[in-house]
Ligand code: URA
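Let's start with one chain on its own, the form predicted on its own, as C-alpha cells.
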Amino acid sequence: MERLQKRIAASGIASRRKAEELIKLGQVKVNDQVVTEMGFLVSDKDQIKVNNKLITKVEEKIYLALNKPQSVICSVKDEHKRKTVIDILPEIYKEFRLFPVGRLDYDTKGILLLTNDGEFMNHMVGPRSGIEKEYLARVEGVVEFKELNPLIHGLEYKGTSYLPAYVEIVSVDREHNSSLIKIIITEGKYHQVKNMFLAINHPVKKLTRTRFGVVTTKDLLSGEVRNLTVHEVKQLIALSKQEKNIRKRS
C-alpha cells in the first residue's frame, strides 16, 4: 500500500505537490470514487483516474541534464508559441512526459534538469532541499567586495527574504563597466539572483547557471542534453536530505 499522491507522482504525470492539488480539487478517482483525502492509501489492484484518465502505466524513469540556451522557455508548453525546453529535446525523449525541475528565466542559460519522476522533482525543489545552485552573473558596474556583504549575510528585497549566499568576484571589466561574479545559492525563488543583485544596485546583464548540485555544464554544449548517471541521481537525492550551510569564504 502507498499514498495516493505518491502513486500519481510515480506515474510521471505530475509532481507529488501537483498530485496533492489535483486530489484537493476532486480531480482524482479511485475505483471510480472521488477521493480528496491526502493520506488515502492505494494498492496495485486499485484503478486510479486523474481527470477521468486511467493511470495504466508507470513510465521508465528519465533523468536528464540540459544545457539550456537563452530564449527558451522552461515549460512543457507556451501559450505564446515560444520554443520550450521540451521542443529542443531529441526525439527519443519526446515520448516521455518530461517536465523541468525548477525554472530558469527565458534569458538565462545553463544547467537544467528534466525528469518524469515526480518524487525526484520534489526532492530537488522542495522547501527543504537546499541543493546548491551555482551561477556566473555578469553585472553592471565595477563591484567592490564590501558591496557583496548583504548577499553574504542574507538580505530582503521588495518584501522577499533571501538566505546567505557564497559570492566571489571572478573578474572586473573597467573598460565596459561590468563585473563577473560567481554566486552559489541554496534556494530557488523567483528571479532570485537578479533580485539579489538589484538589491545592491548592480543589475544582472547576463546569467548562466553552471552547476545544480553535482551536475555541471561541463562537456555539454548549448542545447545539448545527456542522461544523468545512477550515481548522480543518488548523489542529488542524498544532497537534498543533508544539512547545508554556505559560509563566507575569504
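Numbers follow the displayed sequence, beginning with 1. Since this is a predicted model, take the numbers as computed values, not measurements.
What comes next is about the form predicted in complex with ligand URA, which is not displayed.
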{"item": "Contact residue in the model of the complex, chosen from L148, V101, L104, A165 - any heavy atom within 4.5 Å of ligand URA", "value": "L104"}
{"item": "The unique member of K182, R211, K194, H202 whose heavy atoms fall within 4.5 Å of ligand URA in the model of the complex", "value": "K194"}
{"item": "Contact label in the model of the complex: L207 to ligand URA, heavy atom within 4.5 Å", "value": "yes"}
{"item": "Contact test in the model of the complex: N116 vs ligand URA, heavy atoms, 4.5 Å", "value": "no"}
{"item": "Partner proximity in the model of the complex: Y135 to ligand URA, non-hydrogen atom cutoff 4.5 Å", "value": "yes"}
{"item": "Among 216 to 224, 186 to 194, 23 to 31, 37 to 45, the region lying within 4.5 Å of ligand URA in the model of the complex by heavy atom distance", "value": "186 to 194"}
